[in-house]
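Okay, so here's just one chain, in structure tokens, the form predicted alone.
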């Protein structure tokens, strides 16, 4: 992939190959956009970044700079090396899909992160065996008393960015989440573009 800033289109997805020791920086351009993020081992997409294995590895729901996400084979794949946002990201919530929008009362087709993931991988001629739970960058899911969850608007600001260093050759996939029925992309709920760059 060429150097420079790449656009993750509003409601759409993109994938990039990232070599070991390179970093990928994801920019919340307009400040209120959730970016679902996945990573797959470049030589075997059956191995992928796993939120459930990662939470066990760093022993917290929201990791910090220096923490490494691991794969379903418990190997480090992406390490947080920088974060100019308030650091609120989600590791709990599954990617939206057609069933989710049906449950929320939407009729007809709706863009969704699950299909964005597979379309972005198709563009690289890569097939994922499943849809792993994503790292939901900038998503603000509050864990309340008694363990209840609350879907809240992001607390990120325009231009906030997080940088992740690749610990193996991998394919990283992004989806500018198209959710507009809940306030996860801000109170007005209108999804926007985001951006990313690959850094040596």
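What you are looking at is a predicted structure, and each value in this text was computed from that prediction instead of being measured. Numbering follows the first chain given and starts at 1.
One more form of this protein, predicted together with a further copy of the same chain, exists but is not displayed; see below.
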* Just one of 168 to 176, 26 to 34, 153 to 161, 50 to 58 has heavy atoms within 4.5 Å of a further copy of the same chain in the model of the complex; which? -> 50 to 58
* Spell out, yes or no, whether the shortest heavy atom distance between residue 80 and a further copy of the same chain in the model of the complex is within 4.5 Å. => no
* Asked: Would residue 182 sit within 4.5 Å of a further copy of the same chain in the model of the complex, counting heavy atoms only?
  -> yes
* Although a further copy of the same chain is absent from this view, report whether residue 43 comes within 4.5 Å of it in the model of the complex, heavy atoms only. => no
* Touches a further copy of the same chain in the model of the complex: residue 65 (any heavy atom, 4.5 Å) -> no
* Asked: Heavy atom within 4.5 Å of a further copy of the same chain in the model of the complex: which residues of 103 to 120 qualify?
  -> 103
